[in-house]
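Only one chain is given next, in structure tokens, and it is the form predicted on its own.
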Amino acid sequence: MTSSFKLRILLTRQEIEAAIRKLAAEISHDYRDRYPLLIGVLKGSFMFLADLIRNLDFPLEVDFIRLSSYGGATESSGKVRVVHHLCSEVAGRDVLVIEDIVDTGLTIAFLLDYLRKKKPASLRLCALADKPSRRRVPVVIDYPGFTVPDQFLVGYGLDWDERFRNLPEIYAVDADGP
């Protein structure tokens, strides 16, 4: 990692908490009489998913899937693979995918296609951050948190080569960063 970079707060903890409360209210309204399966996309979504489900007021199940398309790079390779498979049955279930950020759309489009083949009753996407300026494939985000600029972001689960996930805010990497 280069040593000449700065982290600049893009989204404060308070802004993130407010967005989560808003998303949770929408999701609670839509899933109130259901027992959905929430699928967190590892590793980035774990903080967002944990905070989100604390704000949901209905029975739900949580599972995780881990995909890889970045490795140690800051750009997606475009080749997505499943690294950790689901343990839960998807067929016939209302499924809500929880993602940290949708960037090019390649990874999440792969995941949504992968899940559609498992025949869920419904399939929706919730993403904390959306970076539409980098989109390479169309993706519908049913529950969007923030639209973010075309900058490399870290913190609140987002990483740079496994670093900075633990920061409580979301930061833009400035200067000679990625």
Ligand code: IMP
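For every residue, the number given is its place in the sequence shown, counted from 1. Small disclaimer: the values here were computed from a predicted structure and weren't measured.
Omitted from view is the form predicted together with the ligand, to which the following refers.
- Among heavy atoms of residue 23, none comes within 4.5 Å of the ligand in the predicted complex.
- In the predicted complex, the ligand sits within 4.5 Å of a heavy atom of residue 153.
- Interface membership of residue 159, defined by any non-hydrogen atom within 4.5 Å of the ligand in the predicted complex, is confirmed.
- In the predicted complex, the ligand stays beyond 4.5 Å of every heavy atom belonging to residue 90.
- Across the options 145 to 153, 56 to 64, 116 to 124, 28 to 36, residues that bring heavy atoms within 4.5 Å of the ligand in the predicted complex belong to 145 to 153.
- Contact annotation for 90 to 123: residues with any non-hydrogen atom within 4.5 angstroms of the ligand in the predicted complex are 99, 100, 101, 102, 103, 104, 105, 106, 107, listed in sequence order.
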